[in-house]
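Just one chain is shown here, as structure tokens, and it is the form predicted alone.
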């Protein structure tokens, strides 16, 4: 398993899925995409496939292939996709040539907005709305990255092998947002929102604490010792999951 292939899986399945929340929670992008009715297929040679479906004012990002997408974008390798995601390359369009102006202008504006929220600067984090969006998207990325790394990255696979069956909940107090990750006989399924009867829980005191913790600006030991981050349940599950989370910066920066 090459680093480029792992990164391409993370880009499609952990980063791109944030478009769902961006179009739902960012007022600017919600209004901008409200009337979009288009599907876009991403296919990587010997790599992952994903699609984005805009319909009825909602955005759905999923794994695999759509039966008849409006636009098909092809990549010659995982590295080709990663270069595009880094703003250094372009896909090969196989279908939907009349939509190329839409991709170059409107869709590019949407993905630029996503990058704006995912790559924070300290002065932007001082704004409450920006802080909330960055924290939400960062936590989403972490949860979905755990699923990919736990299956693909050698060190993360070792950590995942020591996680018992059950769900882990990560929540920002008092009212969320939250994500959960279900471990079940080698399968790892991330999701948004809370889940009934999690085996282990990580509660973050507020948005400021969550943001600092998720962005590596708050030491985990200090945060737990001070009560800013509270853990409950099967703490070995959280310990092993933390080892997986530590692998994210090796692929995404």
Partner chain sequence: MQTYQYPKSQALFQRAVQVIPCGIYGHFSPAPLIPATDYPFYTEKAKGARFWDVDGNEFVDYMCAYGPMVLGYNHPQVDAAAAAQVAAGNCFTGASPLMVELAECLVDMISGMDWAFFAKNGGDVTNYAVMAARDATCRKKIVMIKGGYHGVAPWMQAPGHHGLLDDDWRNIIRIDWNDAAAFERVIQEHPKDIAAFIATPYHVPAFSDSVMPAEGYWKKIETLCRENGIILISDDIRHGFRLDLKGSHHHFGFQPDLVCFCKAIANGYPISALMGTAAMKPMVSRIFYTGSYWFQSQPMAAALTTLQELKAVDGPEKMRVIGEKLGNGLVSAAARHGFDLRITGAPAMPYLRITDDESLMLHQDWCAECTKRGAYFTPHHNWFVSTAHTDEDIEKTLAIADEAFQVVRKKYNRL
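Residue numbers count along the first chain shown, from 1. The structure presented is a predicted model; accordingly, all values stated were derived computationally and were not measured.
Below, we refer to the form predicted together with the partner chain, which is not included among the displayed structures.
For the partner chain in the predicted complex, the listed stretch (174-182, 107-115, 81-89, 151-159) containing residues with heavy atoms inside 4.5 Å is 151-159.
Think of it this way: in the predicted complex, the partner chain has a heavy atom of just one of 206, 68, 219, 28 within 4.5 Å, and the residue is 219. In summary, among the residues 56, 227, 64, 193, the only one with a non-hydrogen atom within 4.5 Å of the partner chain in the predicted complex is 227. Interface membership of residue 119, defined by any non-hydrogen atom within 4.5 Å of the partner chain in the predicted complex, is ruled out. Residue contact check for residue 48: none of its heavy atoms lie within 4.5 Å of the partner chain in the predicted complex. Residue contact with the partner chain in the predicted complex: residue 188 places no heavy atom within 4.5 Å of it. The closest heavy atom approach of residue 246 to the partner chain in the predicted complex falls within 4.5 Å. Taken together, 198, 201 and 236 are fully in contact with the partner chain in the predicted complex: each brings a heavy atom within 4.5 Å.
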